[in-house]
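Next up: the same protein chain in two forms, each one alone, written as structure tokens (structure 1, then structure 2).
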Structure 1
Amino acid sequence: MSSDVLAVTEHRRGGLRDVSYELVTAGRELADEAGGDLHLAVIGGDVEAFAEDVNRKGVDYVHTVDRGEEFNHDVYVRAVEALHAELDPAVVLMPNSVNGLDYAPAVANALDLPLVTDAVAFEWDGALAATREMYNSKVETTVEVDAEAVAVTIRGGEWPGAEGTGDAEIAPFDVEIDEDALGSRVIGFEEAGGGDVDISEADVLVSVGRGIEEEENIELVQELADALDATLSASRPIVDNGWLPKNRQVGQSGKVVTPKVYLAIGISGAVQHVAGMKGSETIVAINTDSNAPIFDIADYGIVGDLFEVVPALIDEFEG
């Protein structure tokens, strides 16, 4: 086995995704600690342009697999398997993205590698020790891997994206894939419907989460939004429950918003929610739980019951 790191980049609809550059930073960090090289895989799409683009400082090799336009998990699994057979790396690094979740576990299983997902930090000392969160970010844990080789997925936004131009060797890598053996077919993409408002345009968002408990209580936060001349948005469970339409959802699978003021009411601050609102200028959190992760990114906070605080706040503006 080598001491190398193989990191698998991600692209969608013609562009590399940010996590690709973050993988370079994280991969370089591990490769330095393990004393090996950093290899990148670029699979599908405009592989030559992508390879030039991810050839950032610290990359030693880029392997391009010119196969299809978009992500297909069968192709990714085969390609990573073949690269693994060639390079025998100590670490296979993949993104903990929706597509990462669609192939990384299969790669780990196929290669019989232990799998650590959603790592937010790690160290290499002959073997991997990674930091992961549990219980909705309420605790952090260390997991140690008792094996010389491992598959890891990294959380987006935890490592800075690599910059500068590298002097990696870029070369095509041939993988034999039996077209008939592909059991999955990507047909296309669909955008979530537009709807009546664009929350990403709003200056002030009153955003409501599961702390609101019942559908009929949505009225209360709507009243606050009206009093503040703000727009109402929500965390995912509110939309899943059908209490507000999908175009109101903030987060990884909803909208990314950057308002002047974001009021998070009864929202815990799960990583997928924070991904959509952490760029807000001022963040206010109202939550009964002083340990809720939303307070980590808030500028102002009230530790209290929304059913008491929100009416009082409405009074302030209307009274």
Structure 2
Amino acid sequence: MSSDVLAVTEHRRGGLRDVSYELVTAGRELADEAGGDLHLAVIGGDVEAFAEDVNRKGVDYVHTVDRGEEFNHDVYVRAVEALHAELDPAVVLMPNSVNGLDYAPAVANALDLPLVTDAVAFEWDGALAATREMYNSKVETTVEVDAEAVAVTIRGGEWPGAEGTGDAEIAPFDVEIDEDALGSRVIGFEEAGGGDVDISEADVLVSVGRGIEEEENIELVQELADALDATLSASRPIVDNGWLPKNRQVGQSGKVVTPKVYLAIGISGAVQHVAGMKGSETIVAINTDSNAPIFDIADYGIVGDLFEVVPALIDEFEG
């Protein structure tokens, strides 16, 4: 058993997902503590371009598996199995995403590894101790794994994306896969729930909460979003009221976002919402309550009436 870490990157519709770069940061952290190397697996898609892009500072090896364009459960399971047999890593690191949660349990079962899902932090001292959140992120728990090797999925947005150009060796990895044994094939792609935007891809988000009071007042916040060339998002009460569609919801039961700027308007900062946006590069909050929890994580705060502050900001940015 080596002390290495194998991290499995993720892509969708021709592009690497942000969690791929976060896996590099998390994987490097674990590899340093374990005293091993960090290996990345790029499975499917434009493997050569993806491998070059994800070859960031801290990566030791990149292995490409050129199989198909989109995610396939059986291909991923077989590829990770084969890589594990070759590398014998102490940790297999995967994203806690829709795709990651599809194949991670099958990988853990096939390799007879304990599986820890949705980790938000961890330590390694001969074995893994992972931090997980429970009860809508109100309680943190530490899971100590009594095993020399483990499979782990990490929550997106908890680690910063790796930067800096790396010089890791990039090499193709051949995996024998019986096409007749594949239980599924990708025949198309449809965004679940539909929607006009993907807020998880936005650089600037203007997010509205229950402080907006009435549905017709959302138009005011939309004007500010337009002035900032930003995307409009919301906390759960706005979506529950039917004022904005589900695909606009930020939070534990919505989407995890990591924009460069997150402007929270009339949002108190409940733990469920914070869990979905705390990884934002810069957080700006507007709220009448100076004790609102959102100010605990905000980089900049404005204590004031949004119906006065937002029009002033619109005038400023449009001017």
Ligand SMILES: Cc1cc2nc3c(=O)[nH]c(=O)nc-3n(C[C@H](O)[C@H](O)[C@H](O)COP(=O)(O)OP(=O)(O)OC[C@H]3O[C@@H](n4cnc5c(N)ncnc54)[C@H](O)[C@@H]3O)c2cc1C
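The model shown is predicted, which means the values in this text are computed figures rather than measured ones. Rigid core: the largest C-alpha set superposing within 1.5 Å between the two forms. Numbering for residues begins at 1 and runs along the sequence of structure 1.
- Matching the description of the form predicted together with the ligand is structure 1; structure 2 comes from elsewhere.
- Once both forms are overlaid on the rigid core, the distance between the two CA positions of G166 between structure 1 and structure 2 is under 2 angstroms.
- Annotation for A49: C-alpha shift under 2 angstroms between structure 1 and structure 2, rigid core superposed.
- Superposition of the core reveals a Cα shift of less than 2 Å for G126 between structure 1 and structure 2.
- On core superposition, G276 has its C-alpha offset by 6.6 angstrom between structure 1 and structure 2.
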